[in-house]
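A single chain comes next, written as structure tokens; it is the form predicted alone.
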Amino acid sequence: MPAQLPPLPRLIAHRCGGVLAPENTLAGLHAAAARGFSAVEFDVMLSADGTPVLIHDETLERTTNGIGRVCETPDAVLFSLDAGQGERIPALAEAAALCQQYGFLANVEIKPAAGHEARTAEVVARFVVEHWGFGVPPLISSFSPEALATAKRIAPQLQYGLLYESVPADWLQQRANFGALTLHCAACELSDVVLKEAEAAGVPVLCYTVNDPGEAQALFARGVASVFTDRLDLFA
């Protein structure tokens, strides 16, 4: 049986620390803890050496001083890059250690490079099973059905979340296929129909990316369980 989620906090720090630090960095995790957040989200992709690292884009240019594809960059180069303000790209192992230190509930989004969906999911799932031996295991999500299916096959005991921009009509069937515990979607795409279906099925709904406290309160009033936010400074 999959581990059961603890009560979800209403606020989840997006890409580690939102605007308070370079995205998907250890500085972001420190910032989230300093602001009193108890849950964080971050993206995981594989380097050319197969190491799971925290980064959102398939290429390096937007968030680092490097160039090229992450999946084609070896660790020796990847970990030498500046990811902003002197921070570097962290390995998943480093982020997991800080999650343990701070007691974070983590939403680990498998973010595979094109063509690496199954391998990325396999590495992430095995890492969590073998090394995330503290507290509640992370909530695993991905926009890639192949990645989610692979992770579920390798580690059925973990907890999974369906991740969409706009929720498809057959999401309840997909939820059954994956044994997912949560539903994640873009706040602007969330319909009352989906909310009613989720409530009836007992599935918490998590919305991204909500940077206005008023919008967050409106979503909570509609029945949304949690929101992902970049603006940690406005909420905590």
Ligand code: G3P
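Since the structure is predicted, the reported quantities are computational estimates derived from the model, not experimental observations. Counting begins at 1, following the sequence as shown.
What comes next is about the form predicted in complex with SN-glycerol-3-phosphate (G3P), which does not appear here.
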Worksheet item: Only one of 91, 163, 105, 98 has a non-hydrogen atom within 4.5 angstroms of SN-glycerol-3-phosphate (G3P) in the predicted complex; which is it?
Response: 163
Item to complete: Using a 4.5 Å heavy atom cut-off, state whether residue 79 contacts SN-glycerol-3-phosphate (G3P) in the predicted complex.
Response: no
Item to complete: Indicate whether residue 30 is a 4.5 Å heavy atom neighbour of SN-glycerol-3-phosphate (G3P) in the predicted complex.
Response: no
Worksheet item: Looking in the predicted complex, any heavy atom of residue 208 within 4.5 Å of SN-glycerol-3-phosphate (G3P)?
Response: yes
Discussion item. Can you tell me if residue 43 lies within 4.5 angstroms of SN-glycerol-3-phosphate (G3P) in the predicted complex, counting non-hydrogen atoms only?
Written reply: yes
Worksheet item: Which one, 108-116, 70-78, 130-138, 148-156, holds residues whose non-hydrogen atoms are within 4.5 Å of SN-glycerol-3-phosphate (G3P) in the predicted complex?
Response: 108-116
Discussion item. Using a 4.5 Å cut-off on any heavy atom, which residues of 70-97 would contact SN-glycerol-3-phosphate (G3P) in the predicted complex?
Written reply: none
